[in-house]
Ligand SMILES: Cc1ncc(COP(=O)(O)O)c(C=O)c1O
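Just the one chain here, laid out as structure tokens, in the form predicted on its own.
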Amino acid sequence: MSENGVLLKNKMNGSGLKGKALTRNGLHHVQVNGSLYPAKVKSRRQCWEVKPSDMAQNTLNPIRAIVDGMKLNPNPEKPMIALSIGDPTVFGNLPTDKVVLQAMKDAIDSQKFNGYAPSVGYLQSRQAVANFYSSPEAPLDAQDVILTSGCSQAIDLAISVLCNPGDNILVPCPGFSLYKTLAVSMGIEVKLYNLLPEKAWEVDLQHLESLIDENTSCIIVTNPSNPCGSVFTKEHLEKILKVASRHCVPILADEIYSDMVSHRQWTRHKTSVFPGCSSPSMASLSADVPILACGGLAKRWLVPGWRLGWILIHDRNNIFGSEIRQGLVKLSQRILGACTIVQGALESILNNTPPSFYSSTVSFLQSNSEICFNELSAVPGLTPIMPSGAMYIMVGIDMENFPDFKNDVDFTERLVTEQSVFCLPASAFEYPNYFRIVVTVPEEQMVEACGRIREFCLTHYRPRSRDSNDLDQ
């Protein structure tokens, strides 16, 4: 008798036909008149017991975990000013360019983009991205581009293709919370490397290197930074690349804020100078380190809800080889990719948006950042750190001078209660005793918010006693 031979004979219920129970592909089947049907197997469950998966249980957004637990009851006598939301469209003062809107209208009217696209995106749209970001130092072709549903999916695919459960990734601290949310849900360990506020949020290179081991799958570098608004110099990026090269660790470069960079240098309240005049891509500086660069339309083009992102595969030395590329293609097939209408408009968006749109956005962010920095620098107990890119400014709180509050979460919660100003506590970025301000609000609201923060701090500020200062010395 063969391996799939007859195991037993049963009389079929109500049919009077004799069947044979066979095993095939690990399942019991009954043979009736030459045809195979799955055999009915009694359920071993005696009652309903449906539980969420381990991935679902392990998925946690640190921002939501903190904010959802806060008691946010604004002062009814003051209109709410939310400086916490990283969406540049919220207040309506930063619309996208009319050329971008027309490109979308044309894509819809053409009726060419109503169907399914390839999971990695239309070839023509991928080529448009490749042309836009290609440089002599880091050439790109359509095959080097994967289109995604926003930069968040790009980051998800990049982590998924590089890491297995039990691996670890190196993530900046403070840093964007999504990295940890994605990694931990997949059983990947997150190691936080320090950014240095006293050096305009540069990477602590020694600490970064000390975290690398044989299970390190990638280093995530965010430049320009969320939540810091910092921009690394070319020299500093090269130092990060040297660390990655020494240990043969690829880099996931989150460059969603690419080119949202101040065009002047800022002299900070201390003697150091914050460099922020350019934001070179990591790939353009890499001699050997393979890089998956993630970006999208959301921030530079001010359309986060359109959900169009991309992965740029930089692998001139063929270290990723075909397997990583094939892995990204396979992972992209889990869903049907980025919105086809936006893909249809993409070539026009990239090629026809006027430079004046970009410069106007950057000038506004720069001006608001300067207002916020100057206003809060004069507030006792606060230490703002001037950004040079993105949409954020981080502000340090000297908690010893605010004994009414336990921590930054308590501080920002009370700021809402008393002044109706909501700043995101930096504990959401695993960096306590700071808060993050989004600088995309209209200028008059920025001025008003800073005035309220000043009033709040003056109410609660308590200078440290002379005795405690003597002890510190």
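Note that residue numbering begins at 1 and tracks the sequence as displayed. What you are looking at is a predicted structure, and each value in this text was computed from that prediction instead of being measured.
There is another form of this protein, the form predicted together with the ligand, and it is not shown here; the text below is about that form.
Proximity of residue 299 to the ligand in the model of the complex falls within the 4.5 Å heavy atom cutoff.
Although the partner is absent from this view, residue 257 contacts the ligand in the model of the complex, with a non-hydrogen atom inside 4.5 angstroms. When contacts are judged by a 4.5 Å heavy atom cut-off, residue 121 does not count as touching the ligand in the model of the complex. Proximity of residue 151 to the ligand in the model of the complex falls within the 4.5 Å heavy atom cutoff. None of 221 to 229, 122 to 130, 353 to 361, 372 to 380 except one has non-hydrogen atoms within 4.5 angstroms of the ligand in the model of the complex; the exception is 221 to 229. In summary, among the residues 207, 307, 316, 247, the only one with a non-hydrogen atom within 4.5 Å of the ligand in the model of the complex is 307. Listed residues 402, 201, 179, 193 were compared with the ligand in the model of the complex; 179 is the one with a heavy atom within 4.5 Å.
In the model of the complex, just one residue of 385 to 414 lies within 4.5 Å of the ligand by at least one heavy atom: 392.
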